[in-house]
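In structure tokens, one chain follows: the form predicted alone.
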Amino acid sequence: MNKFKRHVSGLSLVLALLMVLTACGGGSKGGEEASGTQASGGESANSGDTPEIVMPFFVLNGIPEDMQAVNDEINKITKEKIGATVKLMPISYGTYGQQTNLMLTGNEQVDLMVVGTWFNYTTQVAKNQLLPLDDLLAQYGQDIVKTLGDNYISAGKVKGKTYGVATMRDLADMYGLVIPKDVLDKYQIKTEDIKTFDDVGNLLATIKKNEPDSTPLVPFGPGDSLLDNYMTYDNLGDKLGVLPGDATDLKVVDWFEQPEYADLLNKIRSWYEAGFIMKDAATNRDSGLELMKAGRGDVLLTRIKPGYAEQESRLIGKPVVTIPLTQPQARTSSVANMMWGIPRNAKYPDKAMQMLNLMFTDKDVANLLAWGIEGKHYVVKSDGVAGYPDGVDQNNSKYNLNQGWMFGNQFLTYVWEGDSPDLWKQLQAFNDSAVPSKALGFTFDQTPVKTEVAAVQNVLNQYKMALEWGTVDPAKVLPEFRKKLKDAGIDKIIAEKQKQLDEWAASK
């Protein structure tokens, strides 16, 4: 998940994205039936053809060659269990936000799609592009609610209505580094010596000193700044008013005015000037995984989690190590960064919810999405973990998606060979150990200040990437950036967020 942007730590995302941002059978029909198969009036008016659910999602490491073959196998299950088929629509992470926005504004059929804070979820809600899901969850998604629980379901609420449903995966934020093991070994770098942002600078300096032509630090993904993947505070969904990491109350502050923000910008600027950062990081269009796989850099800052190193090793094609820089924290954004929503463009909203429920209950569907077709893309080993069949590896596999955290309940999937056999227990413990934000469950409704949000977003688009990748001098540009934010109305946004947060706290 990190902007799976976790990724992807559960994303690197995304990746980030990875945003961000781990995964894993298929052989037995171990899953439950999806709750409810009765179509709504609109669906029953179908001409007799099987309804087809259009389902866009992002991919971090290229579209698998056998995506259609996996799609066909999934449809054998969905046709029987929910009376519908699915049209999987994988889209490169770098263009996902733009393409899905065009689909939504162009009124194209989209029935079930990845949404979340990585992709301006609250803006989509404010624009009335997503359906409220509460009635659909009550009718067709009982298993989803049972699996996630009320606290995590609440992360998708805006003004009391649910517009997004998180997946069952790592549900906390912990930021850290991803770096190839051979780089650490080559320069005798000890992971225990890297604990702070300053330590990261020392690591980059070591690599640069020994490899003068290198630019060791790569972006998580397009549109992600360095500081999008290193947060010590609760961003309250959009960074337009945050709770500081050491907050003892619910006082919302302007992050961009904080001394910590200015200090971080100065460090990043020094890294850029020293050649530690790709010169085109602010305009890069590739994911960090693709950049590392291509040998364009060695260090990635993103969301990490138990099993993330093994996950990224499979994607990059060589062993990598993760190094935590923060403690796990549970924020609304750590849950809401990777969700599924049903757009108002949906032709089959009931079937879409049934499909989502199936991803939370059916082991065959979960493993098809995560690992592909059993016997072709993976096999189940004698110890119960999944691995590549003979003659197949990460380099020649035709279905190497490795994004089980994206689809429903990841804990239904097989653990992959090389991961700890008790990985899902580790992830559950990771979730349980996370320090909850005082605002966990709060989601800001931008509607009352949508004009100011749009104006502030324009300012962010103009300044944020350049500042947070070090391509401009913060001593000169930060004061201008702050003034433009004030002029655009950020203080009004923060006041409205404070009001809503106080009302939310009072209602608990």
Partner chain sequence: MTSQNRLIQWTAHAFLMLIALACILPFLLLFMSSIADEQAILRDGYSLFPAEFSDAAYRYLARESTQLIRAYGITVLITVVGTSVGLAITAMLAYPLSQKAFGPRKPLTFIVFFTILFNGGLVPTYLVYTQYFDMKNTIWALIVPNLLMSGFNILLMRTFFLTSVPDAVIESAGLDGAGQFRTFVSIVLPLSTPILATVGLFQGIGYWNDWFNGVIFITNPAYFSIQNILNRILMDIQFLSSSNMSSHVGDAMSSIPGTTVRMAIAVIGVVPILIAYPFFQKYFVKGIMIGAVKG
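Residue numbers count along the first chain shown, from 1. Quick caveat: nothing in here was measured; it's all calculated off a predicted structure.
What follows is about the form predicted in complex with the partner chain, which we do not show.
Enquirer: Residue-level question: is K464 within 4.5 Å of the partner chain in the model of the complex, judged on heavy atoms?
Expert: Yes, K464 lies within 4.5 Å of the partner chain in the model of the complex.
Enquirer: Could you tell me if K363 has a non-hydrogen atom within 4.5 Å of the partner chain in the model of the complex?
Expert: Although the partner chain is absent here, K363 would stay clear of it in the model of the complex, with no heavy atoms inside 4.5 Å.
Enquirer: Give a yes or no for P306: in the model of the complex, does one of its heavy atoms lie within 4.5 Å of a heavy atom belonging to the partner chain?
Expert: No - in the model of the complex, heavy atoms of P306 and the partner chain never come within 4.5 Å of each other.
Enquirer: Flag A346 as yes or no: does it have a non-hydrogen atom within 4.5 angstroms of any non-hydrogen atom of the partner chain in the model of the complex?
Expert: Result no; A346 lies far from the partner chain in the model of the complex.
Enquirer: Here the chain is shown alone; which of W424, W416, Y175, Y261 has a heavy atom within 4.5 Å of the partner chain in the model of the complex?
Expert: By the 4.5 Å heavy-atom cutoff, the listed residue in contact is Y175.
Enquirer: Of G201, G94, P319, G83, which residue is found within 4.5 angstroms of the partner chain in the model of the complex when only non-hydrogen atoms are counted?
Expert: The option sitting close enough to the partner is G94.
Enquirer: Hey, of 429-437, 146-154, 218-226, 180-188, which bit sits against the partner chain in the model of the complex at 4.5 Å between non-hydrogen atoms?
Expert: Only one stretch qualifies here: 218-226.
Enquirer: For the heavy atom contacts within 4.5 Å of the partner chain in the model of the complex, list the residues of 105-119 involved, in sequence order.
Expert: Residues within 4.5 Å: T105, G106, N107, E108, W118, F119.
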